[in-house]
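So this first bit is one chain, no partners, the form predicted on its own, shown in structure tokens.
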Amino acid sequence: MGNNVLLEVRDLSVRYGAVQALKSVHFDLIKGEILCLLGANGAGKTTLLKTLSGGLSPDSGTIRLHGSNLLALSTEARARAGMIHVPEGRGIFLNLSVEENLDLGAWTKRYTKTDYRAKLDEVFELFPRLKERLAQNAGTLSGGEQQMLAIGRAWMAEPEVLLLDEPSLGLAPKLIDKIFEIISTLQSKGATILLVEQNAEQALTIGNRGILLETGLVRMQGSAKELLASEEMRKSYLGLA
């Protein structure tokens, strides 16, 4: 494994009953990059993220983080190792306050009070609105604010790999632009991101590389520029002539 390869996935296959959701999926995630995971609904994108974070068990294959076997670890142990998942639908605790949600994001870390405060300030710098809403119940936030909270909570865990599943889903266009801007900012702060996104063109605009999944198979893989320039990709997945 190359020194700059953070996550190594080899021959990963996952089955839901009779349905083969992933078929021998094979890729590397390089430290510091945004890797876009693209494909139609049902292509296996969410299944892949759930398998990486421990929500699903594969039939075969290997997942290695820093060269260590992740499949031997529980979901909790994977989170402690830095595999942090922001699921589709955000997964925040609606009946808890913004502050309590952020606090829960830090459960995998043994922060000193000073370090915890510094990390919280970093989240507030990214998401000033969360600081204004600190005492509010998360369930009273707008959709965009809830998405900010979900990403902010994940950032509290100091992710080695940040798994983002459809962060722009259901948001107004202005907010979608803001979320993509924040994802780029996280990368500039050293984050390594695996991004599942229906908005393929916008994802590839901020991403370094992309993987196109089709019915559980890796159909295409390359740099963001290559995928944006691919005629097949443009016609079939980007809706561009």
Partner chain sequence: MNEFIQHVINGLSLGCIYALVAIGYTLVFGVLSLINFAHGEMVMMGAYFGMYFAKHFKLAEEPGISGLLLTLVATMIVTGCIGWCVEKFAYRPLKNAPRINLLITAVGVSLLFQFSGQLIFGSAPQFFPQLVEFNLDTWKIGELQFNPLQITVLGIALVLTVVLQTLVFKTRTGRGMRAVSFNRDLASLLGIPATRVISLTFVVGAALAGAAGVLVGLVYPKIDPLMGSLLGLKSFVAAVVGGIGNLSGAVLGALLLGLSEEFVVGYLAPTYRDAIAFAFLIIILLWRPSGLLGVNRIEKV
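Positions refer to the first chain, counted from 1. On a predicted model such as this, the values are computed, not experimentally measured, just so you know.
One more form of this protein exists, namely the form predicted together with its partner chain; it is left out here, but the text below deals with it.
Asker: Since the partner isn't included here, can you check whether its partner chain sits close to all of 8, 27 and 31 in the predicted bound form (heavy atom within 4.5 Å for each)?
Answerer: No, the whole trio is out of contact, none within 4.5 Å by any heavy atom.
Asker: With a cut-off of 4.5 Å between heavy atoms, is residue 108 one of the residues that contacts its partner chain in the predicted bound form?
Answerer: Yes, residue 108 is a contact residue.
Asker: Give a yes/no on whether residue 144 approaches its partner chain to within 4.5 Å in the predicted bound form, heavy atoms considered.
Answerer: Although its partner chain is absent here, residue 144 would stay clear of it in the predicted bound form, with no heavy atoms inside 4.5 Å.
Asker: Evaluate residue 169 for contact with its partner chain in the predicted bound form, applying a 4.5 angstroms cut-off between non-hydrogen atoms, and reply yes or no.
Answerer: No, residue 169 stays farther than 4.5 Å from its partner chain in the predicted bound form.
Asker: Even though the partner isn't displayed, in the predicted bound form is residue 79 close enough to its partner chain, meaning a heavy atom within 4.5 Å?
Answerer: It does: once its partner chain is placed as it appears in the predicted bound form, residue 79 has a heavy atom within 4.5 Å of it.
Asker: Pick from 46, 53, 192, 199: which has a non-hydrogen atom within 4.5 Å of its partner chain in the predicted bound form?
Answerer: By the 4.5 Å criterion, the partner-contacting residue is 53.
Asker: Here the chain is shown alone; which of 134, 104, 71, 126 has a heavy atom within 4.5 Å of its partner chain in the predicted bound form?
Answerer: None of the others qualify; the residue that does is 104.
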